[in-house]
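Taking the form predicted alone, here's one chain by itself in structure tokens.
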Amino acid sequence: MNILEIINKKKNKELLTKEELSFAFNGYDKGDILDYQMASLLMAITINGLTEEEVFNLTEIFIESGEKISFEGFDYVDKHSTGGIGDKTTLIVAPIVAACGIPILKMSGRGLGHTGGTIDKLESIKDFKINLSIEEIKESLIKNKIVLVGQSANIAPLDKKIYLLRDVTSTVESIDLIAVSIMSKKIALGAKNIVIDLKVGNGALVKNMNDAYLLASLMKKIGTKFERNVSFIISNMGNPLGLTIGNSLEVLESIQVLKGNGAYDITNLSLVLSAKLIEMHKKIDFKEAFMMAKNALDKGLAFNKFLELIKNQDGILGSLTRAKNEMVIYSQKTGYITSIDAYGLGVEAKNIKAGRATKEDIIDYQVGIELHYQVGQLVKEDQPLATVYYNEVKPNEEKILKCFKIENEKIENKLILGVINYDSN
């Protein structure tokens, strides 16, 4: 078998057998296939796609590349987001769900493309332990009902290597590769009930509703094949979520949400995602589940659970800081904000080191952008639109200002674009 033949087959839109996929991907995992060869194959897949059979086979190859977690007689849930600008919902949803008595295990990744990664956010908390053994995960789930960890070297390790390569080879938007990446980790983690926050818009990996439904359909089919219940909340990522972009800033904002002082969009989406997990686990009506989630937030139970999580995984919350330098971006006119370019702000945040341009880049956890207004709000001339916190790299004020569109007419920012439920029968 030859890697060049495999690349050529996919370049020519031919079906790859499970043996060929295994040869290429497991060969890359072992170091027999080089970065540039795998990058070529990933690009061919991104352009020409995979069949359902290829997707199922590649998902299984990813799962079988490492260990699988299964705690007999112990039921827990999982949540995933396809990624977006300012998306810190995991830091809010997991404590809410755990505060409702439901164990939640979330294994998260690092930033991908222009989007932020939950693990990068957690690592902005000094000494927070993102690597736990399976024994430690089980102990924490039983004791605290909440575990947030990085992708273990033993859980779908092949995906971790491919994930990093996709990030720097313009292959992050392949629907098939997104589905394989997400579902291989979810299945290996063992949760039976999974909620996917599927983000759509210019700030997300998925740009339009058609692709969103294609991705959801594919992930649901993978879930069915591997006996998992998967529901989807399709949410708008045309504008940033919440008021902050950048790792420390997003953790600090999550704390404000958990204290009941968060922006409406991030608060409401977090409650909807939490309610969907509660509904699936407890098999109750969504409205009842939503009230349970809101009660956990309003009474401070979720914030207390967040503090338990940080303490249990050795983190020091007081270590969170912003970068020393500030640049304030002022509005040049009076009017309603009709759009905020999520992708543009994500790129500018990455440029000041809030994200990675290469696999080797080191993130600056302190830098980022804080918004003072959201879509639909009235801003007056010379009022601050945003504050940029930076260290080494000075922000591009002109490019950031261009991300804000201000007009005379007010518009509604619709957040929830669709819901796809699991098949309860």
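Numbering starts at 1 and runs along the sequence shown. Remember, predicted model here, so these are calculated numbers, not experimental data.
Keep in mind that the form predicted together with another copy of the chain is missing from the display, and what follows is about it.
Although another copy of the chain is omitted here, in the model of the complex all of 169, 343 and 347 have a heavy atom within 4.5 Å of it. At a distance threshold of 4.5 angstroms between non-hydrogen atoms, residue 398 is out of contact with another copy of the chain in the model of the complex. For residue 35, a non-hydrogen atom is located within 4.5 Å of another copy of the chain in the model of the complex, even though that partner is not displayed. Although the partner is absent from this view, residue 8 contacts another copy of the chain in the model of the complex, with a non-hydrogen atom inside 4.5 angstroms.
Heavy atoms of residue 308 never reach within 4.5 Å of another copy of the chain in the model of the complex, leaving it off the interface. The chain is drawn here without another copy of the chain; in the model of the complex, the stretch among 363-371, 41-49, 58-66, 387-395 whose residues come within 4.5 Å of it by any heavy atom is 41-49. Using a 4.5 Å cut-off on any heavy atom, none of the residues of 257-294 reaches another copy of the chain in the model of the complex.
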